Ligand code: SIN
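Let's start with one chain on its own, the form predicted on its own, as structure tokens.
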């Protein structure tokens, strides 16, 4: 079956058909898949059946893999496959088998608190709840381009600190202290506006809102600008929603897309396996 791409009726995202991610892919198919990912920013492959080694092999088509960031429990969830992160609310024998629980995960990009963040995230669904747990994505190229000229001028050259101490569900990571002053937030400091080195196109680079601070500004002034940027970036005009099915495989551009998750019934089961592709650039 030939690869087919069906753009979503949304500002970003496309469904890819005709690809069995469990099998080695022809180089021409790989090249087109990469091209589609760069164009649509989020790709959805439905009906996949992947073992963990197959998920790793497919993920490596997009580049060298990055291990997950630290989780609140201090060790990998899959010790035999440390490059895979488990996203789950399931508890077995009194211990969570994965990260992030069942609550809402706020808008964020992954691991932007490091100097060279991952360039892609890949998420594969094993079990999903009957309702809830949907994932939203937002196009930060479109968000930047729609900013008024005065806001573009206000953030030009500004850098923002990206919090390393908490995950996207607000849980404090092991080894960190709660933040009491955002000017002391641990984490990388990145430009608010990223320029794609391949295309020259600009996008907002926000990371996540909690504990963020624009370096050099008074906290009140920083908060005013960041609140305005986040309200702008999360508008429906820039977003898509993915309603999960078992066997869904999603790939997104972590450097130009934000994502978040809706909460779901904690009594239901949601299990995802996730990989990420190592970045090759400092954000500029």
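Residue numbers count along the first chain shown, from 1. Since the structure is predicted, the reported quantities are computational estimates derived from the model, not experimental observations.
The same protein also has a form predicted together with the named molecule, omitted here; what follows describes it.
When contacts are judged by a 4.5 Å heavy atom cut-off, residue 166 does not count as touching the named molecule in the predicted complex. When the named molecule is considered in the predicted complex, residue 193 lies well away from it, no heavy atom lying within 4.5 Å. Residue 135 belongs to the set of residues with a heavy atom inside 4.5 Å of the named molecule in the predicted complex. In the predicted complex, no heavy atom of residue 273 sits within 4.5 Å of the named molecule.
Looking at the named molecule in the predicted complex, residues 100, 123 and 259 each place a heavy atom within 4.5 Å of it. Only one listed stretch (155-163, 100-108, 138-146, 195-203) carries heavy atoms within 4.5 Å of the named molecule in the predicted complex, and that stretch is 100-108.
The partner is absent here, but in the predicted complex a heavy atom of 87, alone among 212, 188, 84, 87, sits within 4.5 Å of the named molecule.
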